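As a starting point, one isolated chain is supplied in structure tokens, in the form predicted alone.
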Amino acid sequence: MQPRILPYFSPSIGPEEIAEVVDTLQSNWLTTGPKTKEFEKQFASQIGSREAIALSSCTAGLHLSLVCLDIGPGDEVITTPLTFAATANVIEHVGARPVFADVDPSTLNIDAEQIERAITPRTKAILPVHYAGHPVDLDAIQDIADRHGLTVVEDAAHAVGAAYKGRQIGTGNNPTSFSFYATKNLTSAEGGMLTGPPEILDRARVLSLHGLSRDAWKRYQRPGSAVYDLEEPGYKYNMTDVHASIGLCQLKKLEAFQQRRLEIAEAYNREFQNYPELEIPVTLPGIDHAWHLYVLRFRHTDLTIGRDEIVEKLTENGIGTSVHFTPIHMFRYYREKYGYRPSDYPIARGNFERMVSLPLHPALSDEDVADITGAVCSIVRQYRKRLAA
């Protein structure tokens, strides 16, 4: 009998999202319009930010932030190597150089001490990532930025619903970009949101739609005017009402989604904490973890098999997994352009080689969670070194 397949991710889309999309399709307004504006308003209200701009992706928000800060050729931006490629790619897009700082071995977030060491006269900004949904040490990073005259741009792709010392991520003065990609805590299928200071958002809003002074909703709604101006060459980064329809429904469910994610993470922790071969994720004091990812680390010195073999064993048991992430400096493009070596950031590389992201989403039942923990613990018991002697 074949084991049932538990995919790494399954979207939590219900009849409410479907009905809202149908309503949009029947409204004769598909692109950026009233539902996008409403999504921006409700998202900002829910997290407590002054304003928000709905975009086509988190990547778009990060790129616009750097453009609005006038970061370009000759500049350097410090970021983490343990992130998705987009974080570093947007720095390349503006012509600047991504400079990496190694991560903290407990949270896997960028290490503030390593940031300090990476600063040069060309450094213009710090781009931290709230890895897996655990916020970075914002106070320490902001202190470094203030002392050196730098700007902080937050990559909050994982951090919808996260909080640092009682403050929701995205409510401070730093430009902060969220992701609503299909696998995220809140999805609009594709999309993102940018929050931050008014002077950044005002320019970002214009740049997000070609640099036009008026978007389509303003041009075509009654009593609209087709007259507009081009303020500066911009980009095609706007969100559509079709995507915003999904986001509006998901936003109403976010609190319940987050609660279920926490329950699953706590269930994983309870089962894994008694296995010395496993290193479970940490949550530091003063942190509300978004639990976008559950990254389990295997202590290879205590096991007779490596990470890739563990992934194969889990696959054989019908458990889907992923790895977050291959460190950026190990990719061919960055190795060849900047001469990075895999050994340059040993904490990021060493943790990458022993990490597995387990399924973590609201569609998982208690039975699913028990099957996942059972499979992991069985593999550990079978391949622990003290039994192999």
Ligand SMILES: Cc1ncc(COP(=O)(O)O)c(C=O)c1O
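Each residue number is its position in the shown sequence, starting from 1. As the structure is a prediction and not an experimental result, all values here were calculated from the model.
Another form, the form predicted together with the ligand, is not on view; read the next lines as being about it.
- By the criterion of a heavy atom within 4.5 Å, S179 is counted among the residues contacting the ligand in the predicted complex.
- When the ligand is considered in the predicted complex, V129 lines it closely, a heavy atom lying within 4.5 Å.
- Heavy atoms of S57 reach within 4.5 Å of the ligand in the predicted complex, making it an interface residue.
- When contacts are judged by a 4.5 Å heavy atom cut-off, F272 does not count as touching the ligand in the predicted complex.
- Annotated contact segment (heavy atom within 4.5 Å of the ligand in the predicted complex): 184 to 192, selected among 255 to 263, 184 to 192, 272 to 280, 202 to 210.
- For the candidate set A157, I319, I141, V103, a heavy atom within 4.5 Å of the ligand in the predicted complex is found for exactly one residue, namely A157.
- For the options A163, L248, A145, A86, the residue carrying a heavy atom within 4.5 angstroms of the ligand in the predicted complex is A86.
- Residues of 321 to 339 that come within 4.5 Å of the ligand in the predicted complex, judged by any heavy atom, reduce to F325 alone.
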